[in-house]
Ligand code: LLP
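Presented below, as structure tokens, is a lone chain in the form predicted alone.
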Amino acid sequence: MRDPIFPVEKFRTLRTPFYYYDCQTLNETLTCIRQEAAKHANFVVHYAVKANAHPRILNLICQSGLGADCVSGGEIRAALQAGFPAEKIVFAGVGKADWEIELGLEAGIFCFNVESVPELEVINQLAADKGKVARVAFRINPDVGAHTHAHITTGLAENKFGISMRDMDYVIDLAQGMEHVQFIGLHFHIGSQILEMDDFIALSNRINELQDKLEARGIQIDHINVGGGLGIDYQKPTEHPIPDFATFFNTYASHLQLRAGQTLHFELGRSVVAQCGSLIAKVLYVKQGTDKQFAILDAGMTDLIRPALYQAYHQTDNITSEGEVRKYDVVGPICESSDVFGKDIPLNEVKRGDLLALRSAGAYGEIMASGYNCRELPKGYLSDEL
């Protein structure tokens, strides 16, 4: 597979750090998603806006035909501004504010993914105030573990997300007695950066059990939403720039027992945009320590927080040097000991002014940037703009 083509000379004219998005990689990823999902009747794919809300990225994803999965009122606005039809927008999140719910009601979004009884009651009241009926799906906590980092596991019983399985019947009965909500489905999401299909098989088996239980009570479900969670190859982004969507969709097709007329919804985020993006940073100093060398960048945890937050790995390349490979601790300028991108990273010899590319940063990179230390937020550029 090809490496992204970094227009280094153009990069030198831009203020670093910044994000660079390769349009070809993004478009090839979107094409693969469409083609693989289309092989299965009634599969509907939404893009998880929280992964990357760059306006042009959103617009390209919208043009590809995907829907939008939002977790805030701001994301709903961003999705609508990017062109996503309201009827393709779902709104999830454990803490929806009244104004966010009202925004969704006014826009006429497809569905609210509800995570608690108090939230259901508030949605019913706000919908009544507006003379509307809100479509709702219940996020059920399936108590299914995922082989991923503890901070991005969301399906266990002790997580804050979702409604427990033991309360499912009660909540459905409650909704069916309300005038201003319409119960249309069940929603699940067990975590992120999942590479073992056994986790999705376990979720499918649990959903099958829950559907059997509901059907025994005469309750039919129109929509099943299994969230996202498919991971990417951070170790070898060049060899695997596009995740294995075929196996992902086939896993659900083989193990989840959809009923006649049911639609199966997905909420993919990281797997859509991660590999198209790189953080481009400039080397400020090369510092010789007692036993190691430090490459000190003008980018830090304010620009890409994943290594500090999750101990995440991002392949790092010196895109302006062909010198001898040496090992460096790649660090940022923030006054925090955790402001480290990686230790003992092999790089072509680094000198002041070199540009480094931190790969696979298109998801949870620019969108999670902060102004800590009064730093400016990094800008994002698409390859067709340079």
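Note that residue numbering follows the sequence shown and begins at 1. Fair warning: this is a prediction, and the values are worked out from it, not measured in the lab.
The same protein has a further form, the form predicted together with the named molecule, not shown here; the description that follows concerns it.
Work out which of G300, P142, G269, G73 lies within 4.5 Å of the named molecule in the predicted complex, going by heavy atoms.
Contact residue from the list: G269.
Sort through S204, N124, Q193, Q211 and report the residue having a heavy atom within 4.5 Å of the named molecule in the predicted complex.
Flagged contact: Q193.
Among 276 to 284, 257 to 265, 80 to 88, 226 to 234, which stretch has residues with heavy atoms no more than 4.5 Å from the named molecule in the predicted complex?
Comparing against the named molecule in the predicted complex, the contact stretch is 226 to 234.
The named molecule contact in the predicted complex: K50, any heavy atom under 4.5 Å
K50 belongs to the contact set for the named molecule.
Does F294 reach the named molecule in the predicted complex, with heavy atoms at most 4.5 Å apart?
Outside the cut-off, so no.
Since only the chain is shown here, I'm wondering whether M368 would be in contact with the named molecule in the predicted complex (any heavy atom pair within 4.5 Å).
It does: once the named molecule is placed as it appears in the predicted complex, M368 has a heavy atom within 4.5 Å of it.
With the partner left out here, check for me: in the predicted complex, does some heavy atom of Y364 sit within 4.5 Å of the named molecule?
Because a heavy atom of Y364 falls inside 4.5 Å of the named molecule in the predicted complex, the answer is yes.
I have D69, H187 and Y310 flagged as a candidate spot, so tell me whether each of them has a non-hydrogen atom within 4.5 Å of the named molecule in the predicted complex.
Yes: D69, H187 and Y310 each sit within 4.5 Å of the named molecule in the predicted complex.
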